[in-house]
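This text opens with one protein chain seen in two forms, each one given by itself as structure tokens under the names structure 1 and structure 2.
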Structure 1
């Protein structure tokens, strides 16, 4: 053991606490963010060994160049119809977000989360998957449901937690679920969907099925233990899964450095686990589609899991419970170097000669009207505080196939207490 006297010349230890570069009122300068030229990234074969792809976790897959042309080996060469569907879906998601955000401010629901600026990470990704692939989303992937045709009215009923809410008021607003559309129940607990997704993918492989899984989380969630447990199982069992990290730079009030973003890219976590990793321009819908398509083929051909980091930016607040003006510069959104995914795809389609500014203005009006109609329809079923809720007894149902005796007793006791406290209220509301 060394003599304590030998330490007298050592400097005192210091603790590093990550600090964002810009705070409210600061001028923003993104010149240090390395944005490679579109089209320069190699596209390896889907059967490539992860070891030879390690440089890709520090690069960035990009397809749309500064002139909004699709270039390079990652260009998925999609048809005009497919690209127009992608654009229209993203526009519809944004219109939906804007109106439902206002509904929360009007007191018609308790909570809402927008995905403004991140639409490509769900819409383009979902379009690159098969319709029966299983999705395990986080709380900002509503675009998947739009791609798969889930009715807006049903989404709004869930947000209002009203009598037509298919989840019977048991979930926080915006935490949707659709078994028929392969959309796993959203959880507010960070990263729980990751091991669940890997387990589902392992089961699919064990059964000799053909369906793969895809899951999403924010960059902050990669600091959770569930994320790393999922990574271990995915690599050990070669699970057929795509693991998406949506790096939008901010958690609710802390920047990506608190999850390790100061040290390296989030895609680099793939290299540490020995799985394929890609870092993608998350505001380039064609790049997101191409990377997801590549990873899906890799999973489907038993070449293993892929981790994709979508480098993007959260343009709005984390949720209606958040004020980003308290912790980040107001300039960040305007200065973000990768632009806006809807604008970039719109300009690409105009460049292709299949779209115009006038058509896009008409599309925005059409999307706004569609959400307005759906909202009015859902409001008929009740909004927050208006009493048109699920029947009281449903809180005891759907846990067991046959209700056990102790839940029956609790249900009866609860109903008696309800009758005493609110004698003039119908038990079915």
Structure 2
């Protein structure tokens, strides 16, 4: 037993509370962010044991070099057409975000969330999957819907919660769902989709299906128990799944240190579970594509799950309810050493000789026009406004497959109240 007297000279313990390096007004210095040269990372065979790729969870898979050339073993060697589609889709996502964000500011809906700077982590990833693979997204993966051809008008109807909203005005804006396109219903509760995705993948495996699952969460969300439960189940049952962590450095105002990012990488979480892990330059669309393709092939050939950390930066606010100027240096975005995914792909294509500055300017205009047209179309179906778009019965539908007596009674009451409170409004207004 330690003697009480011996303690008198001990220094007092101190509690460590993580603190980000830069606050508003601070000058940013990214020299300590290790960014390896593109093309230098080994590409193990998809059937490799996770143990032999342990170093890769600290490394960073990169394909586009400083001259925007695609180099090294991870170069997915995509066709010009595929790359152009990727570029156009990412540009469309960005134009969509910009306009819908403004729509929220104009009071047409309650809320919006952009994925600016993170477009590659959903668009390039979704393009590397089969169209019938099942996605369990978080809330910044609208890019998947664009890749899979979901109409923008339907997305905006959902954002406006109007009478054409396929989700009947029940979900927060941007919490889309499309069974047909393999896009699982988004939950507001962080990380819950992780074990669900693993369960789906397990079911697919149990059924001898060929489809795999993919899921996404932010680095902040990896602290939730659901993340760790999912990792355990994924490794135990060798689930055919890709688990993406989009490390955009910030969880609202909390920097990644509050999820454990000060001491190790998020990809390194994989090592403890014996899962293959890759850390990827998330602003390099080719690297994201290549890593996803690798992980997908691994899953599809019964070699099990892969955890991918996409190292990226949340260029814009967390959501329309957030002001990042209040907690981080404005320089962070400007000087982010991995650049912007759209700019990098654009320059790569220009370098390849299949694209030009002029063409890109025209593309941006086209994208803006397309979302403008879609917004006008959606607005005809109403904006959030008074919230009376749906018939009141719909509030009580889908709680259960069949409506029990107590919900029928409450539905009648709601309709009675509607007649009293809003005597002259039709449900369709």
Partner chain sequence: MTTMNMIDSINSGLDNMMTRDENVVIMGEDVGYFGGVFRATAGLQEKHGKTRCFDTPISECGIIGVAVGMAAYGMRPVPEIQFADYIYPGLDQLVSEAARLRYRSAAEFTSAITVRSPFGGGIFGGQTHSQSPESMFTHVCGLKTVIPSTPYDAKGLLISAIEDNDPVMFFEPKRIYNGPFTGYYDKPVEPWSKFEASEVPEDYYKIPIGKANIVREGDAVTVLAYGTMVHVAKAVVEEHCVDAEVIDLRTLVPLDIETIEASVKKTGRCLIIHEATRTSGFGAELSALVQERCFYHLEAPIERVTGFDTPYPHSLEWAYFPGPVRIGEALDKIVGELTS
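Whichever C-alpha set is largest while still superposing within 1.5 Å between the two forms counts as the rigid core. Residue numbers count along the first chain shown, from 1. Please read these numbers as outputs of a predicted model, since none were measured by experiment.
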TODO: Please let me know, 1 or 2, which structure is the form predicted in complex with its partner chain?
DONE: 2
Task: Core-superposed comparison between structures 1 and 2, residue 21 Cα displacement 2 Å or beyond - done: no
- [ ] With both forms fitted on the core, give yes or no for whether the Cα of residue 388 moves by 2 angstroms or more between structures 1 and 2.
- [x] yes
- [ ] Once both forms sit on the same core, give the Cα displacement of residue 419 between structures 1 and 2 in angstrom.
- [x] 2.5
